[in-house]
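Take a look at this one chain, the form predicted on its own, written out in structure tokens.
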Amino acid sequence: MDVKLSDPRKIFGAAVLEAARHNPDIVVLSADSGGSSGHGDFKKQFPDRYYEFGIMEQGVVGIASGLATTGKIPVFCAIAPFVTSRPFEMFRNDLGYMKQNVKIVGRNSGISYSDLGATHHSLEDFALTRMIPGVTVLAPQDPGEITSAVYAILEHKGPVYMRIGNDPIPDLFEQSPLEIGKGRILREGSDVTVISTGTLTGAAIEAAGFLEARGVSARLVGMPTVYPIDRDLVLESARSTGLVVTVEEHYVIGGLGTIVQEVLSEELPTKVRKLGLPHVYATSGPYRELLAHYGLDAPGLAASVEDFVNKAR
């Protein structure tokens, strides 16, 4: 059976456009990448609410902050490292310190801009943005959740960072409203909890099937909000299975895995294995091949989880 795949950038752009039809305060800012971010139709339908600035991401963040002071809800989407690493000072001071109601979206996140190499990879964005006080960090997991996340962040008051990928992705579950700060149990299991975020959740679901065939029962938790994390669900799952594995397209330090460890170390010391990218500049190549190279495809995830469980038994 053919599986429908959707471009996350187009899904994102369509959701912003639909929300903007009902809220005239929503404006879109572009740093020479609005079309690639899915905002082509927005520009056509709302030309007076679409602002093009060219390649000056630092300036765009500052302008977004200014627009927010007038009651506008600015949405700024561009390549993930160029909206987090490049304008970090402006993100920290103009948005975080000023508590501005601005939505920053990093597209082509993780290693999904695979062929352009380390300069275009974004493997530290969770760590950077969650260190800014008051910033909410999201990584929706499938097309429906991207749509729901857009609506949720536009309703949320305060600065938000959300990342989306580049590779077409399948529908994983029925669309429902997204509650910021809450995860969802995607599969019950008793041997180990696998907590995933972003589009790698699809591979984690497939890996759970492989594990079941090998006699490993995995509880799978989808975590679209990276920060603030769903502490209650993390603790409940750790109590239930005794072992936790985290899965993310991010460095193994600083992101989802580190946040989960922080929660557990404070309240319920638990063995955790973090699956992500090693803390090096990632290589380049075809996206799917890179995921396999770093053990982040379904077979690689299943092998790592099985090894972790067997060593803990």
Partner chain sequence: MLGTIELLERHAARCRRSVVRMVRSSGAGHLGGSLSCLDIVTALYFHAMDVDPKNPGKTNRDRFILSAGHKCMAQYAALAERGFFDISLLDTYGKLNTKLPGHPDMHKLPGVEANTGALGHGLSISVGMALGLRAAGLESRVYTIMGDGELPEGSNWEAAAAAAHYGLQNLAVFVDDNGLQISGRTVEVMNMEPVEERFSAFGWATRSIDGNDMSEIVNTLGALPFEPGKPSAVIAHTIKCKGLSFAEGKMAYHYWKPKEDELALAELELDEAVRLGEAG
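Numbering follows the first chain given and starts at 1. Computed from a predicted model, the values in this text were never measured in an experiment.
The same protein also exists as the form predicted in complex with the partner chain; that form is not shown, yet it is the one meant from here on.
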item: is_contact(residue 40, the partner chain) in the predicted complex, heavy atom dist at most 4.5 Å; value: no
item: 4.5 Å heavy atom contact, residue 94 and the partner chain in the predicted complex; value: yes
item: Partner contact for residue 72 in the predicted complex: the partner chain, 4.5 angstroms, heavy atom; value: yes
item: Touches the partner chain in the predicted complex: residue 287 (any heavy atom, 4.5 Å); value: no
item: Answer range among 44-52, 255-263, 268-276, 241-249 for contact with the partner chain, defined in the predicted complex as heavy atoms within 4.5 Å; value: 44-52
item: Contact residue in the predicted complex, chosen from 115, 89, 232, 155 - any heavy atom within 4.5 Å of the partner chain; value: 89
item: 136, 166, 147, 100 - the one with a heavy atom within 4.5 Å of the partner chain in the predicted complex; value: 100
item: Members of 58-78 lying within 4.5 angstroms of the partner chain, judged by heavy atom, in the predicted complex; value: 58, 59, 62, 63, 65, 66, 67, 69, 70, 72
